[in-house]
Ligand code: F6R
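Single chain ahead, written as structure tokens, the form predicted alone.
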């Protein structure tokens, strides 16, 4: 595991973007696993500035709020369109985000996992980490979630995400999330962590016991993880 500590969110974003850019240049038809939330926004801005060729790229997103339509401005499909897809030459039909309106979550989740398998797996997975150590929406629990699944969000996650909504009551209480099997099967992983509040959690995740009570700790078992972090802001 490689850990890159930077002095600012801007520098963290630049370093993470350089890693993704290198993947795109070295394998133009890469399958990228993409994340949402505040952590990767700066990275997406940097990638847009690099004027990369996304025409052969396929993407699969980690998660989506359950109950939100793609057109909802708080959905993760909307987020990805706004921050990356509408700003580069990626083919929209090659961008995959879980369907927040699916009538059969179990079936849809199984199909999402199969889609990733059919694509040949994820070449590079981008991750953020929540205050409680979740990656994707894989929340702390008694076991590591394996496949894509419908998850009930922890109160701390709802509280953290409420800043994006008009009120806490508007935050969905469930989400569809890629499980840890597909994440861990990714050939490379870049984890973006920013903010003093996450420093202690990251320390435990990287150096403490591997436990489902701290989902990010499972990354210790992956052969190619780069952590890009900053705690000065």
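Residue numbers count along the first chain shown, from 1. None of these values were measured; they are calculated from a predicted model.
Omitted here: the form predicted in complex with fructose -6-phosphate (F6R). The next part is about that form.
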Non-hydrogen atom contact residue 165 with fructose -6-phosphate (F6R) in the model of the complex at 4.5 angstroms:
no
Is residue 208 close enough to fructose -6-phosphate (F6R) in the model of the complex to count, meaning some heavy atom within 4.5 Å?
no
Could you confirm whether residue 38 comes within 4.5 Å of fructose -6-phosphate (F6R) in the model of the complex, counting heavy atoms only?
yes
Is residue 128 a contact residue for fructose -6-phosphate (F6R) in the model of the complex, using a 4.5 Å heavy atom cut-off?
yes
Any idea which of 46 to 54, 29 to 37, 166 to 174, 200 to 208 reaches within 4.5 Å of fructose -6-phosphate (F6R) in the model of the complex, heavy atoms considered?
29 to 37
Could you check which residue among 83, 134, 149, 77 gets a heavy atom within 4.5 Å of fructose -6-phosphate (F6R) in the model of the complex?
134
Stretch 48 to 74: residues contacting fructose -6-phosphate (F6R) in the model of the complex, 4.5 Å heavy atom cut-off
62, 63
